[in-house]
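Starting off, we have a lone chain in the form predicted alone, written out as C-alpha cells.
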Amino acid sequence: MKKVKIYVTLRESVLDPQGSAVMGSLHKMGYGEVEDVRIGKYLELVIGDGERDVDALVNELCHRLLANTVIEDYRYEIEEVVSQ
C-alpha cells in the first residue's frame, strides 16, 4: 500500500487572484514582509497494491481529473505505508 501526496499549483505564468486577495489581506493585517502568495491544492491518496505502476497511475489521475494541466502544474511524493 502506498500513500501519495499530490501538490497542485497554478503555473507561474497564470495570475492568481485568490493569492493576490490573501496577500492584500495579510498586508492590511501588518504582515508587509509577505512578498507573494500562491494558492494551490493538496491531496492525499492511499493506493492499494495492484498490478499498475503507481507513477503511471498518479500521472493519469492528475492529467484526467486532479489537475487542469493547461493552467496548473503538479508534483507528488510516494511513501510506502507500513502496516502494523
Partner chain sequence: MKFAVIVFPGSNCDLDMYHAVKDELGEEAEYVWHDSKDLSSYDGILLPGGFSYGDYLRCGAIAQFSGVMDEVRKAAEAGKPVLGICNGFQILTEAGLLPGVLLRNKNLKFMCRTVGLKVENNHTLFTNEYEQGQEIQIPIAHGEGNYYCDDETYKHLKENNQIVFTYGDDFNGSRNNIAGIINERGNVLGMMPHPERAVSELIGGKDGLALFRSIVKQWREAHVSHA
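Please read all numbers here as calculations on a predicted model, not as lab measurements. Residue numbers count along the first chain shown, from 1.
Below, we turn to the form predicted in complex with the partner chain, even though it does not appear here.
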| item | value |
| --- | --- |
| The partner chain in the predicted complex reached by all of 10, 17 and 41, non-hydrogen atom within 4.5 Å | yes |
| Contact of residue 23 with the partner chain in the predicted complex (heavy atom, 4.5 Å) | no |
| Contact of residue 75 with the partner chain in the predicted complex (heavy atom, 4.5 Å) | no |
| In the predicted complex, residues of 51-80 near the partner chain [heavy atom within 4.5 Å] | 64, 65, 66, 67, 68, 70, 71, 72 |
